[in-house]
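Okay, so here's just one chain, in C-alpha coordinates, the form predicted on its own.
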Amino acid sequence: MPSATQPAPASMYRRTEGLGIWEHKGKVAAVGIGHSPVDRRWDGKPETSVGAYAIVALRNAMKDAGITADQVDGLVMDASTTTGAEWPAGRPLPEEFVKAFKPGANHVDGISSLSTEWIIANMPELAHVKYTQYGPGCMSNCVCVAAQAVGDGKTKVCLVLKAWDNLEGRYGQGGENAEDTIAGRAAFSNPWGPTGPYLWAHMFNEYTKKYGGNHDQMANFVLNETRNGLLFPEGFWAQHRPEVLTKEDYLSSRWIVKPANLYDCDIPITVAVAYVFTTPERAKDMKQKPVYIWNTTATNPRNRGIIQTLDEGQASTDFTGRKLYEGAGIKPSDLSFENMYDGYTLFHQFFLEGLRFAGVQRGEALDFYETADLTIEGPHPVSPSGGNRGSGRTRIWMHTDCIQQIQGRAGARQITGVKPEIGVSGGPMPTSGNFLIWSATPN
(Lines give C-alpha, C1' and ligand atoms only; values in the text may rest on other atoms or scores of the structure.)
Protein backbone atom coordinates (compact mmCIF):
# COMPACT_ATOMS: atom_id res chain seq x y z
CA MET A 1 0.00 0.00 0.00
CA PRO A 2 1.41 3.46 -0.87
CA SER A 3 2.41 5.94 1.81
CA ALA A 4 -0.01 8.61 3.00
CA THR A 5 -1.51 10.39 0.01
CA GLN A 6 -0.65 14.04 -0.58
CA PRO A 7 -2.33 16.81 -2.59
CA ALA A 8 -0.94 17.16 -6.10
CA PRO A 9 2.01 19.57 -6.24
CA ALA A 10 1.69 22.82 -8.14
CA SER A 11 3.94 21.43 -10.87
CA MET A 12 1.10 19.13 -12.00
CA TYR A 13 -1.09 22.07 -13.05
CA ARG A 14 -0.54 24.22 -16.15
CA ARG A 15 -1.28 27.67 -14.78
CA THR A 16 0.41 30.12 -17.13
CA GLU A 17 0.43 31.14 -20.75
CA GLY A 18 3.40 30.66 -23.03
CA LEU A 19 3.90 26.97 -22.23
CA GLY A 20 3.11 25.89 -25.78
CA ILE A 21 1.51 22.60 -26.74
CA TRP A 22 0.97 20.32 -23.74
CA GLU A 23 3.79 17.77 -23.78
CA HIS A 24 1.29 14.93 -23.29
CA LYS A 25 -1.25 15.97 -25.92
CA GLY A 26 -2.95 12.82 -27.20
CA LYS A 27 -0.87 10.59 -24.91
CA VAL A 28 -3.59 10.12 -22.27
CA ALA A 29 -6.95 8.47 -22.96
CA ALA A 30 -10.22 8.11 -21.06
CA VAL A 31 -11.58 4.59 -21.53
CA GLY A 32 -14.08 3.89 -18.76
CA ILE A 33 -16.92 5.61 -16.89
CA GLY A 34 -18.60 4.49 -13.68
CA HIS A 35 -21.55 6.17 -11.97
CA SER A 36 -23.18 5.22 -8.69
CA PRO A 37 -26.88 5.59 -7.90
CA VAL A 38 -27.88 9.13 -6.98
CA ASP A 39 -29.87 10.30 -3.97
CA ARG A 40 -31.10 13.64 -2.68
CA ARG A 41 -30.01 12.88 0.90
CA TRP A 42 -28.45 10.03 2.86
CA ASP A 43 -30.88 7.66 4.56
CA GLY A 44 -28.23 6.46 7.02
CA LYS A 45 -27.76 2.99 5.54
CA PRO A 46 -24.21 1.71 4.90
CA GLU A 47 -25.03 0.67 1.36
CA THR A 48 -26.16 4.19 0.40
CA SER A 49 -23.29 6.05 2.05
CA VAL A 50 -20.93 8.12 -0.06
CA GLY A 51 -18.23 5.54 0.61
CA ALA A 52 -20.35 2.67 -0.66
CA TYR A 53 -21.29 4.69 -3.73
CA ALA A 54 -17.61 5.46 -4.38
CA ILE A 55 -16.86 1.74 -4.45
CA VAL A 56 -19.78 1.14 -6.82
CA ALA A 57 -18.55 3.88 -9.16
CA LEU A 58 -14.97 2.56 -9.20
CA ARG A 59 -16.08 -0.98 -9.95
CA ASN A 60 -18.45 0.23 -12.64
CA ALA A 61 -15.65 2.22 -14.28
CA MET A 62 -13.37 -0.81 -14.43
CA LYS A 63 -16.20 -2.94 -15.81
CA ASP A 64 -16.99 -0.29 -18.41
CA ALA A 65 -13.36 -0.23 -19.54
CA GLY A 66 -13.26 -4.02 -19.66
CA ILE A 67 -10.39 -4.32 -17.20
CA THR A 68 -9.76 -6.13 -13.94
CA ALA A 69 -8.51 -4.48 -10.78
CA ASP A 70 -5.09 -6.10 -11.06
CA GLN A 71 -4.45 -3.95 -14.15
CA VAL A 72 -4.93 -0.73 -12.15
CA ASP A 73 -1.82 0.86 -10.66
CA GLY A 74 -3.06 4.40 -9.83
CA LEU A 75 -5.82 6.19 -7.92
CA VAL A 76 -6.44 9.94 -8.09
CA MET A 77 -9.34 11.39 -6.12
CA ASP A 78 -10.60 14.22 -3.94
CA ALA A 79 -10.85 13.61 -0.20
CA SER A 80 -13.62 16.15 0.37
CA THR A 81 -17.20 15.06 -0.32
CA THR A 82 -19.51 17.47 1.44
CA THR A 83 -21.89 19.88 -0.28
CA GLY A 84 -22.13 21.90 2.91
CA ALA A 85 -23.66 19.50 5.41
CA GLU A 86 -20.95 18.46 7.88
CA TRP A 87 -21.06 15.44 10.19
CA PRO A 88 -21.32 17.16 13.60
CA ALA A 89 -18.28 16.84 15.83
CA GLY A 90 -18.96 14.36 18.61
CA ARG A 91 -21.86 12.62 16.87
CA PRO A 92 -21.29 8.84 16.97
CA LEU A 93 -21.00 7.08 13.64
CA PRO A 94 -23.93 4.78 12.80
CA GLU A 95 -23.24 1.35 14.26
CA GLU A 96 -24.23 -0.43 11.05
CA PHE A 97 -21.76 1.69 9.08
CA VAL A 98 -18.91 0.97 11.51
CA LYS A 99 -19.56 -2.77 11.18
CA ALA A 100 -19.77 -2.63 7.38
CA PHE A 101 -16.50 -0.83 6.58
CA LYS A 102 -12.88 -0.66 7.67
CA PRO A 103 -11.78 2.77 8.94
CA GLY A 104 -9.71 5.18 6.89
CA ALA A 105 -7.41 8.12 7.53
CA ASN A 106 -10.32 10.23 8.79
CA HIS A 107 -12.86 8.87 11.27
CA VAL A 108 -15.72 10.10 9.04
CA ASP A 109 -14.30 8.56 5.86
CA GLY A 110 -17.12 6.99 3.91
CA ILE A 111 -19.68 9.32 5.47
CA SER A 112 -18.55 12.92 4.90
CA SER A 113 -15.05 12.46 3.49
CA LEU A 114 -12.97 9.88 1.65
CA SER A 115 -9.32 8.93 1.67
CA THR A 116 -7.29 6.70 -0.59
CA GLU A 117 -6.56 4.63 2.51
CA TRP A 118 -10.29 4.07 3.09
CA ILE A 119 -10.92 3.16 -0.55
CA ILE A 120 -8.06 0.65 -0.69
CA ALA A 121 -8.93 -0.84 2.71
CA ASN A 122 -12.50 -1.46 1.57
CA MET A 123 -11.62 -2.55 -1.98
CA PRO A 124 -9.09 -5.34 -1.38
CA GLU A 125 -8.79 -5.82 -5.13
CA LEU A 126 -6.91 -2.48 -5.25
CA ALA A 127 -4.38 -3.43 -2.57
CA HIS A 128 -1.56 -3.47 -5.13
CA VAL A 129 -2.09 0.14 -6.28
CA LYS A 130 1.24 1.96 -6.02
CA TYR A 131 0.44 5.55 -7.04
CA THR A 132 -2.11 7.70 -5.20
CA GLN A 133 -2.68 11.43 -5.36
CA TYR A 134 -5.32 13.95 -4.34
CA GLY A 135 -6.72 16.51 -6.78
CA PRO A 136 -8.40 18.70 -4.13
CA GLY A 137 -11.61 20.54 -4.92
CA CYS A 138 -13.66 18.71 -7.50
CA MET A 139 -13.57 16.26 -10.39
CA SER A 140 -12.07 18.92 -12.65
CA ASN A 141 -8.96 18.98 -10.44
CA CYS A 142 -8.84 15.19 -10.30
CA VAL A 143 -9.01 14.63 -14.05
CA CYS A 144 -6.29 17.21 -14.70
CA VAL A 145 -4.01 15.66 -12.07
CA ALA A 146 -4.69 12.13 -13.34
CA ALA A 147 -4.00 13.16 -16.93
CA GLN A 148 -0.66 14.67 -15.94
CA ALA A 149 0.20 11.60 -13.85
CA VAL A 150 -0.47 9.21 -16.73
CA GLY A 151 1.41 11.45 -19.13
CA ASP A 152 4.39 11.63 -16.74
CA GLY A 153 4.45 7.84 -16.45
CA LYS A 154 3.59 7.79 -12.74
CA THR A 155 0.69 5.43 -13.48
CA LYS A 156 -0.31 3.46 -16.57
CA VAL A 157 -3.92 2.61 -15.70
CA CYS A 158 -5.40 5.17 -13.31
CA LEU A 159 -8.77 5.28 -11.57
CA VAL A 160 -10.12 8.81 -11.08
CA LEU A 161 -12.77 9.34 -8.40
CA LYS A 162 -14.97 12.13 -7.11
CA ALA A 163 -17.90 11.65 -4.72
CA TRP A 164 -20.36 14.03 -3.10
CA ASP A 165 -22.52 13.48 -0.02
CA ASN A 166 -25.50 15.52 1.10
CA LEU A 167 -26.34 13.84 4.43
CA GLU A 168 -29.62 15.25 5.77
CA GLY A 169 -28.98 18.92 5.16
CA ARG A 170 -28.81 21.58 2.50
CA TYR A 171 -26.10 23.94 1.37
CA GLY A 172 -24.26 25.79 4.11
CA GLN A 173 -25.55 23.74 7.03
CA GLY A 174 -22.11 23.05 8.48
CA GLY A 175 -18.77 24.71 9.14
CA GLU A 176 -18.64 28.47 9.65
CA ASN A 177 -22.07 28.90 8.05
CA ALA A 178 -23.60 27.08 11.03
CA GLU A 179 -21.95 29.36 13.58
CA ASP A 180 -23.59 32.35 15.28
CA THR A 181 -20.79 34.66 14.19
CA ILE A 182 -18.39 34.76 11.25
CA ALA A 183 -14.73 35.59 11.72
CA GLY A 184 -12.06 37.04 9.48
CA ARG A 185 -12.50 37.88 5.81
CA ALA A 186 -15.77 35.93 5.60
CA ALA A 187 -17.40 38.50 7.90
CA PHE A 188 -17.29 40.89 4.93
CA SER A 189 -17.68 38.52 1.99
CA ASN A 190 -20.13 36.00 3.42
CA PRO A 191 -22.32 37.63 6.08
CA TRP A 192 -25.63 36.06 4.94
CA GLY A 193 -24.46 32.53 4.19
CA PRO A 194 -23.00 30.94 1.03
CA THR A 195 -21.61 33.53 -1.33
CA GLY A 196 -22.69 31.91 -4.61
CA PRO A 197 -26.13 33.42 -5.28
CA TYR A 198 -25.09 36.85 -3.98
CA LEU A 199 -21.85 37.03 -5.93
CA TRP A 200 -23.27 35.85 -9.24
CA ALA A 201 -26.46 37.89 -8.99
CA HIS A 202 -24.20 40.90 -8.48
CA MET A 203 -21.96 39.91 -11.41
CA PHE A 204 -24.97 39.36 -13.67
CA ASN A 205 -26.33 42.80 -12.76
CA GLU A 206 -22.98 44.36 -13.58
CA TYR A 207 -22.91 42.48 -16.87
CA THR A 208 -26.34 43.70 -17.97
CA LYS A 209 -25.54 47.26 -16.89
CA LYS A 210 -22.50 47.24 -19.15
CA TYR A 211 -23.89 45.38 -22.16
CA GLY A 212 -27.66 45.57 -21.84
CA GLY A 213 -30.00 42.60 -21.75
CA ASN A 214 -32.02 41.08 -18.94
CA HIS A 215 -32.66 37.92 -16.97
CA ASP A 216 -35.43 36.72 -19.31
CA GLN A 217 -32.79 36.06 -21.96
CA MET A 218 -31.43 33.20 -19.82
CA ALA A 219 -34.57 31.12 -20.42
CA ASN A 220 -33.49 29.22 -23.54
CA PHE A 221 -30.20 28.21 -21.95
CA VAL A 222 -31.86 26.98 -18.74
CA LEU A 223 -34.59 25.11 -20.64
CA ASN A 224 -31.96 23.51 -22.87
CA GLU A 225 -29.99 22.35 -19.83
CA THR A 226 -33.12 20.95 -18.21
CA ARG A 227 -34.02 19.03 -21.35
CA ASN A 228 -30.50 17.59 -21.66
CA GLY A 229 -30.44 16.65 -17.98
CA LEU A 230 -33.63 14.64 -18.38
CA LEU A 231 -31.84 12.71 -21.14
CA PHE A 232 -28.98 11.83 -18.76
CA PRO A 233 -30.16 8.54 -17.18
CA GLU A 234 -27.58 8.67 -14.36
CA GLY A 235 -28.69 12.17 -13.32
CA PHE A 236 -30.81 13.12 -10.31
CA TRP A 237 -33.61 14.82 -12.22
CA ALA A 238 -33.92 11.99 -14.74
CA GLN A 239 -34.10 9.39 -11.98
CA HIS A 240 -36.18 11.11 -9.35
CA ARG A 241 -38.00 14.19 -10.67
CA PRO A 242 -38.44 14.02 -14.45
CA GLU A 243 -40.17 17.39 -14.55
CA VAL A 244 -40.32 19.25 -17.86
CA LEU A 245 -39.56 22.92 -17.26
CA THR A 246 -41.46 25.49 -19.30
CA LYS A 247 -40.44 29.04 -20.08
CA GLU A 248 -43.30 30.27 -17.92
CA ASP A 249 -42.08 28.09 -15.03
CA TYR A 250 -38.64 29.60 -15.28
CA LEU A 251 -39.66 33.23 -15.65
CA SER A 252 -42.22 33.08 -12.84
CA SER A 253 -40.02 31.21 -10.35
CA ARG A 254 -39.27 32.82 -6.98
CA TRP A 255 -36.12 34.83 -6.55
CA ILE A 256 -33.30 33.48 -4.41
CA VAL A 257 -31.27 36.67 -4.77
CA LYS A 258 -32.60 38.78 -7.59
CA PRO A 259 -31.86 38.22 -10.45
CA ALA A 260 -30.97 34.62 -9.51
CA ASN A 261 -34.14 32.56 -9.24
CA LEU A 262 -34.80 29.01 -8.07
CA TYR A 263 -34.00 27.49 -11.46
CA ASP A 264 -30.72 29.39 -11.75
CA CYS A 265 -29.35 27.31 -8.88
CA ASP A 266 -28.38 23.65 -8.67
CA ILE A 267 -29.31 21.26 -5.86
CA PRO A 268 -26.94 19.15 -3.71
CA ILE A 269 -27.10 15.38 -4.04
CA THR A 270 -25.22 12.23 -3.03
CA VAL A 271 -23.39 10.46 -5.85
CA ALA A 272 -19.99 9.12 -6.91
CA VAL A 273 -18.36 9.02 -10.34
CA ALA A 274 -15.17 7.35 -11.55
CA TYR A 275 -13.15 7.22 -14.76
CA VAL A 276 -10.34 5.07 -16.11
CA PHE A 277 -7.41 6.94 -17.70
CA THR A 278 -4.62 5.12 -19.47
CA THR A 279 -2.02 5.35 -22.23
CA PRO A 280 -3.03 5.09 -25.90
CA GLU A 281 -1.08 1.82 -26.17
CA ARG A 282 -3.02 0.16 -23.38
CA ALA A 283 -6.29 1.73 -24.53
CA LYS A 284 -6.14 -0.39 -27.70
CA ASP A 285 -6.87 -3.51 -25.65
CA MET A 286 -9.76 -2.04 -23.68
CA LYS A 287 -13.48 -2.26 -24.25
CA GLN A 288 -14.41 1.34 -25.07
CA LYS A 289 -13.23 3.72 -27.77
CA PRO A 290 -10.52 5.94 -26.25
CA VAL A 291 -11.13 9.65 -25.88
CA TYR A 292 -7.86 11.57 -25.92
CA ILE A 293 -6.96 14.51 -23.70
CA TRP A 294 -5.39 17.33 -25.67
CA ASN A 295 -4.76 19.78 -22.87
CA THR A 296 -5.36 20.58 -19.21
CA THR A 297 -5.10 23.95 -17.56
CA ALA A 298 -5.71 25.63 -14.22
CA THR A 299 -6.79 29.19 -13.46
CA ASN A 300 -6.55 30.78 -10.02
CA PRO A 301 -6.23 34.57 -10.31
CA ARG A 302 -5.66 36.98 -7.45
CA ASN A 303 -8.37 39.61 -7.27
CA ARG A 304 -7.93 43.14 -6.03
CA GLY A 305 -10.71 42.94 -3.47
CA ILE A 306 -12.93 40.54 -1.54
CA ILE A 307 -15.53 40.26 -4.32
CA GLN A 308 -14.38 39.70 -7.86
CA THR A 309 -15.30 42.45 -10.30
CA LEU A 310 -16.87 41.98 -13.72
CA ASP A 311 -13.60 42.93 -15.40
CA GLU A 312 -11.69 40.40 -13.29
CA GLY A 313 -14.20 37.65 -14.04
CA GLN A 314 -14.01 38.27 -17.77
CA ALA A 315 -10.22 38.49 -17.70
CA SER A 316 -10.15 35.15 -15.89
CA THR A 317 -12.25 33.29 -18.46
CA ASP A 318 -10.39 34.94 -21.35
CA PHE A 319 -7.18 33.69 -19.74
CA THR A 320 -8.61 30.18 -19.43
CA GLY A 321 -9.66 30.15 -23.06
CA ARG A 322 -6.29 31.29 -24.33
CA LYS A 323 -4.43 28.68 -22.27
CA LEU A 324 -6.76 25.88 -23.36
CA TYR A 325 -6.34 26.66 -27.05
CA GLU A 326 -2.60 27.24 -26.78
CA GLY A 327 -1.92 23.91 -25.05
CA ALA A 328 -4.17 21.96 -27.42
CA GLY A 329 -2.93 23.75 -30.54
CA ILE A 330 -6.42 24.65 -31.70
CA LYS A 331 -8.63 27.70 -32.18
CA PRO A 332 -12.21 28.45 -31.00
CA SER A 333 -13.78 27.31 -34.28
CA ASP A 334 -12.34 23.81 -33.74
CA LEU A 335 -14.64 23.14 -30.76
CA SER A 336 -17.59 20.90 -31.60
CA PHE A 337 -19.45 21.49 -28.33
CA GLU A 338 -19.11 23.28 -25.00
CA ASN A 339 -19.58 21.69 -21.57
CA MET A 340 -18.33 24.21 -19.01
CA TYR A 341 -19.53 24.47 -15.44
CA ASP A 342 -22.89 25.99 -14.54
CA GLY A 343 -23.42 25.69 -10.76
CA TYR A 344 -25.24 29.00 -11.08
CA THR A 345 -26.56 29.50 -14.57
CA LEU A 346 -25.92 33.25 -14.39
CA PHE A 347 -22.17 32.81 -14.82
CA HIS A 348 -22.10 30.32 -17.69
CA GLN A 349 -21.94 33.13 -20.23
CA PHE A 350 -18.53 34.15 -18.89
CA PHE A 351 -17.16 30.77 -19.94
CA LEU A 352 -18.96 30.94 -23.28
CA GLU A 353 -17.48 34.34 -24.07
CA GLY A 354 -14.04 33.51 -22.69
CA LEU A 355 -13.85 30.54 -25.03
CA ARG A 356 -15.28 32.59 -27.93
CA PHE A 357 -17.41 29.51 -28.57
CA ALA A 358 -19.38 29.82 -31.82
CA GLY A 359 -17.73 33.21 -32.29
CA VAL A 360 -19.48 34.75 -29.26
CA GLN A 361 -17.63 37.86 -28.06
CA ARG A 362 -17.85 39.75 -24.79
CA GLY A 363 -21.33 41.04 -24.11
CA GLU A 364 -22.98 38.84 -26.77
CA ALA A 365 -23.91 35.72 -24.78
CA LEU A 366 -27.44 36.70 -23.76
CA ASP A 367 -28.38 37.50 -27.34
CA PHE A 368 -26.77 34.21 -28.38
CA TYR A 369 -28.83 32.30 -25.79
CA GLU A 370 -31.99 33.95 -27.06
CA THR A 371 -31.47 33.53 -30.81
CA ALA A 372 -29.05 30.62 -31.45
CA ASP A 373 -29.81 26.91 -31.57
CA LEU A 374 -28.08 25.55 -28.46
CA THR A 375 -29.61 22.08 -28.69
CA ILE A 376 -27.91 18.77 -29.38
CA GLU A 377 -29.55 18.88 -32.82
CA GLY A 378 -28.20 22.33 -33.60
CA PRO A 379 -24.88 23.66 -34.91
CA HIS A 380 -23.69 24.99 -31.52
CA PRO A 381 -24.41 22.45 -28.73
CA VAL A 382 -24.12 24.19 -25.37
CA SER A 383 -24.09 22.17 -22.14
CA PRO A 384 -25.29 18.90 -23.73
CA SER A 385 -24.69 17.23 -20.35
CA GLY A 386 -27.43 19.29 -18.72
CA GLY A 387 -24.78 20.37 -16.24
CA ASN A 388 -25.37 20.81 -12.53
CA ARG A 389 -28.63 22.60 -13.20
CA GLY A 390 -30.06 19.74 -15.25
CA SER A 391 -28.52 16.74 -13.51
CA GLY A 392 -27.62 17.65 -9.91
CA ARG A 393 -24.72 19.34 -8.16
CA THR A 394 -21.63 17.19 -8.73
CA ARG A 395 -19.39 19.06 -11.22
CA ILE A 396 -18.91 15.78 -13.10
CA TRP A 397 -21.68 15.60 -15.69
CA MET A 398 -19.80 17.73 -18.19
CA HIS A 399 -16.74 15.44 -18.11
CA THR A 400 -18.79 12.26 -18.45
CA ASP A 401 -20.74 13.84 -21.29
CA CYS A 402 -17.61 14.89 -23.19
CA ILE A 403 -16.32 11.32 -23.08
CA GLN A 404 -19.68 9.80 -24.03
CA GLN A 405 -20.38 12.28 -26.84
CA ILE A 406 -17.04 11.62 -28.50
CA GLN A 407 -17.44 7.86 -28.04
CA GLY A 408 -20.89 8.09 -29.62
CA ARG A 409 -22.66 6.56 -26.64
CA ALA A 410 -24.54 9.47 -25.11
CA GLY A 411 -27.84 7.79 -25.97
CA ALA A 412 -30.81 10.10 -26.38
CA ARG A 413 -28.49 12.98 -25.51
CA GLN A 414 -26.15 12.27 -28.43
CA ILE A 415 -25.19 15.35 -30.44
CA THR A 416 -26.45 15.15 -34.02
CA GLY A 417 -26.22 18.73 -35.29
CA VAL A 418 -22.43 18.49 -35.65
CA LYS A 419 -19.89 15.69 -35.46
CA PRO A 420 -18.76 15.70 -31.79
CA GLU A 421 -15.00 15.45 -32.23
CA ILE A 422 -13.53 18.07 -29.89
CA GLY A 423 -15.14 19.13 -26.61
CA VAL A 424 -14.26 21.28 -23.63
CA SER A 425 -15.21 20.89 -19.98
CA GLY A 426 -14.22 22.10 -16.55
CA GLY A 427 -14.91 24.29 -13.60
CA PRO A 428 -15.95 25.07 -11.02
CA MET A 429 -16.06 28.85 -11.35
CA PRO A 430 -15.20 31.51 -13.91
CA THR A 431 -13.00 32.88 -11.11
CA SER A 432 -10.90 29.71 -10.83
CA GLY A 433 -10.84 26.07 -11.77
CA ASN A 434 -9.39 23.27 -13.89
CA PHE A 435 -10.28 22.61 -17.52
CA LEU A 436 -9.70 20.10 -20.32
CA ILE A 437 -9.88 19.69 -24.08
CA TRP A 438 -11.08 16.23 -25.22
CA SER A 439 -10.69 14.77 -28.71
CA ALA A 440 -11.70 11.76 -30.80
CA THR A 441 -8.16 11.45 -32.16
CA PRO A 442 -4.69 11.58 -30.59
CA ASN A 443 -3.55 14.41 -32.87
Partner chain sequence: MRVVISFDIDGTLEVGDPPGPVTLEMVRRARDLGCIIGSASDRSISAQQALWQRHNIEVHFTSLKHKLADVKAAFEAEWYVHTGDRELDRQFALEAGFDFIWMDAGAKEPWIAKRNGSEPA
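Since the structure is predicted, the reported quantities are computational estimates derived from the model, not experimental observations. Residue numbers count along the first chain shown, from 1.
Heads up, the form predicted in complex with its partner chain isn't pictured, but that's what we're talking about next.
Contact with its partner chain in the predicted complex, defined as a heavy atom within 4.5 Å, holds for exactly one of 127, 98, 105, 262, namely 262. In summary, among the residues 86, 73, 364, 249, the only one with a non-hydrogen atom within 4.5 Å of its partner chain in the predicted complex is 249.
For the three marked residues, 41, 241 and 244, a heavy atom of each sits within 4.5 Å of its partner chain in the predicted complex. Only one of 367-375, 131-139, 254-262, 108-116 places residue heavy atoms within 4.5 angstroms of its partner chain in the predicted complex, namely 254-262.
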